[in-house]
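A single chain, nothing else alongside it, follows as structure tokens in the form predicted alone.
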């Protein structure tokens, strides 16, 4: 069995990075993001990236760190409203953006990982989302064609892994991570705990190890995207 466990995020990314590559990143807001892998990616200096992720983090955390260093050239996202630097770069014409409805983005990633070149969906018909895309009628209703997404690299965050790379995500931190994991030609998983082989219940594994090339254990820094408190 090939060695999948690496000692550090930087080591786990070594040999996988190049300028101009496409990277899919798991997470929703700051929940379930591969935070230490993103930091290692920033420190690598890899640039002109196309980043595919539900959102772009916040200004000082998550993918916001890569926006700050201008390493991302293009974003493919469904929501970007929490990042002021993202807004500034986009409005200034410094950052390319492709918006996707959230469900469409998830399905594009899932389809790519399943070897499906594309699919038709009703979502986005009659809006700018459908501009320039094939429209076809099924059962009297219009559908727009969306391509599946394959990326050079996927970065995900999991709760537990075994040495084979089988992953278990924790509750809502699962979010986009399973689809992102399968969409990459290579996948690196940042995990909170590595358990012995055979200790994970096969029925509870969310992403099989066949999709995961490297894993690294890290200590999470669980930041809150929008802290709301009750003064009472």
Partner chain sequence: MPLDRNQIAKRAAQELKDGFYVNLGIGMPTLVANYVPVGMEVWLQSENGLLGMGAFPKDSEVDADLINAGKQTVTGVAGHSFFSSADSFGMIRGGHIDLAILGAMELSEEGDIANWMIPGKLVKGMGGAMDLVAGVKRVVVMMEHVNKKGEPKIIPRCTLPLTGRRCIDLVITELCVLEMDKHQRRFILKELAPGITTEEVLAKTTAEILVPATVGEVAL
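Numbering follows the first chain given and starts at 1. Keep in mind that this is a model prediction, so the values were computed, not measured.
The form predicted in complex with its partner chain exists for this protein as well; it is not shown, and the discussion that follows is about that form.
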Legend entry - 4.5 angstroms heavy atom contact with its partner chain in the predicted bound form for residue 61: no
Legend entry - 4.5 angstroms heavy atom contact with its partner chain in the predicted bound form for residue 91: yes
Inset, instruction - May I ask you to state whether residue 7 is within 4.5 Å of its partner chain in the predicted bound form, using heavy atom distances? - result: no
Legend entry - 4.5 Å heavy atom contact, residue 136 to its partner chain in the predicted bound form: no
Inset, instruction - Verify the flagged residues 121, 170 and 226 against its partner chain in the predicted bound form: is each one within 4.5 Å by a non-hydrogen atom? - result: yes
Legend entry - Answer range among 45-53, 194-202, 66-74, 29-37 for contact with its partner chain, defined in the predicted bound form as heavy atoms within 4.5 Å: 29-37
Legend entry - Interface residues of 172-205 toward its partner chain, as seen in the predicted bound form [heavy atoms, 4.5 Å]: 172, 173, 174, 175, 176, 178, 179, 192
